[in-house]
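Starting off, we have a lone chain in the form predicted alone, written out as structure tokens.
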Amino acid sequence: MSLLLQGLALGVLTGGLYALLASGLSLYFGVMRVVMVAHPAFLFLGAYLTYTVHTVFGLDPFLALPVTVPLFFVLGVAVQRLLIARLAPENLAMMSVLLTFGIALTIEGLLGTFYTGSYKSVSMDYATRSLTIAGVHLPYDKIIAFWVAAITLIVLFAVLVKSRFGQSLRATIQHREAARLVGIHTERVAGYGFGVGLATAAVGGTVLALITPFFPASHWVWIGKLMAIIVVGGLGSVIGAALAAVLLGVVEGLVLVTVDATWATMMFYVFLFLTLLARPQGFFGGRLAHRF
């Protein structure tokens, strides 16, 4: 019983992190129908920048966020306006896969050139201990990752639901032509939406730097999991992706403690396969997707 509680607790904490990492992917697809294969590469670009700030200046990794979040937002707007917006609309989904695949390879090559192919990590004393509650051990790094993800997602939802920009973004997602007819500059909104999606990668990269060792090709391990989450949750639905992330995180945690790590990873692809068979629009898609 205690083993199941351990798996459940770790699954919830990990699911929260997955929700943060997948939120950017949902925004890209919701705003522009772009399949952003390079998103995990940007996550690890954020992890390497965090590593640099920590090792060169001796600062806490989270103090890198005031620099990396605005930097990634500007970078996201630039990628959307200079590259994505130039793709032909009739082949946007396919061409976006090829384009962002190339961007991922470019980032991986640059990271390998500047940082070599060896593993890097950021170790902080406060993240190496654990909290024990009723016999369940909760690593502090996973607790920190969960709360950073929760705060980031709350801020993201508040921006999307309460701000004028969020209303314009939601209108663009629901019906681009109608949004344009009521005076919304949809191209500018799409660029800002892409920037917000990439800004979440800066936060996710900082958290990843704290909880796991990484090397330039680490992003390929994550792309399958994150794609499975947004498909199960419903393409374009940030809330759906968050719910699916927690669900799959819990399933992964329970299978990890009761079977093994291989089957735990396989659960993402089992759920992906079943979703495509039973409900291709995702279990939390449809009407919910149009409301985020």
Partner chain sequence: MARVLKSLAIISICALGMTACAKTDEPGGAQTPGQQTGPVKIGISLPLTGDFSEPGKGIQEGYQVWADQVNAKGGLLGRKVELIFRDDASDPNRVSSDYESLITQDKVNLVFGPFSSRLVIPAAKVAESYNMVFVEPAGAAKEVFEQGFKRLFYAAPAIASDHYNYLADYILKLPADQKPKTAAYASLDDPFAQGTAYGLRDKLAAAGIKTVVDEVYPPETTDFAPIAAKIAAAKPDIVVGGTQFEDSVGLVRALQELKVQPKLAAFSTGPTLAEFPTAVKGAAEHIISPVGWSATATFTGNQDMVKRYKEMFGGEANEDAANGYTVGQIVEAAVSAVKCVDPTPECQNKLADHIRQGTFDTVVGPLSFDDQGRPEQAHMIQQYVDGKVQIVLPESAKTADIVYPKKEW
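Numbering follows the first chain given and starts at 1. Computed from a predicted structure; not experimentally measured.
Another form, the form predicted in complex with its partner chain, is not on view; read the next lines as being about it.
Only one of T106, T212, Q167, Q174 lies close to its partner chain in the predicted complex, with a heavy atom inside 4.5 Å, and it is T212.
Contact with its partner chain in the predicted complex, defined as a heavy atom within 4.5 Å, holds for exactly one of A158, A93, A78, A178, namely A93.
Contact with its partner chain, judged by heavy atoms within 4.5 Å in the predicted complex, is confined among 188-196, 79-87, 146-154, 96-104 to 96-104. A residue is said to contact a partner when one of its heavy atoms sits within 4.5 Å of a partner heavy atom; A261 meets this definition for its partner chain in the predicted complex.
Using a 4.5 Å cutoff between non-hydrogen atoms, V122 counts as a contact of its partner chain in the predicted complex. Contact between T265 and its partner chain in the predicted complex is found at the 4.5 Å heavy atom cutoff.
Within 4.5 Å of some heavy atom of its partner chain in the predicted complex lies at least one heavy atom of T14. In sequence order, T132, H137, P139, D141, K142 are the residues of 131-166 having a heavy atom within 4.5 Å of its partner chain in the predicted complex; the partner itself is omitted from this view.
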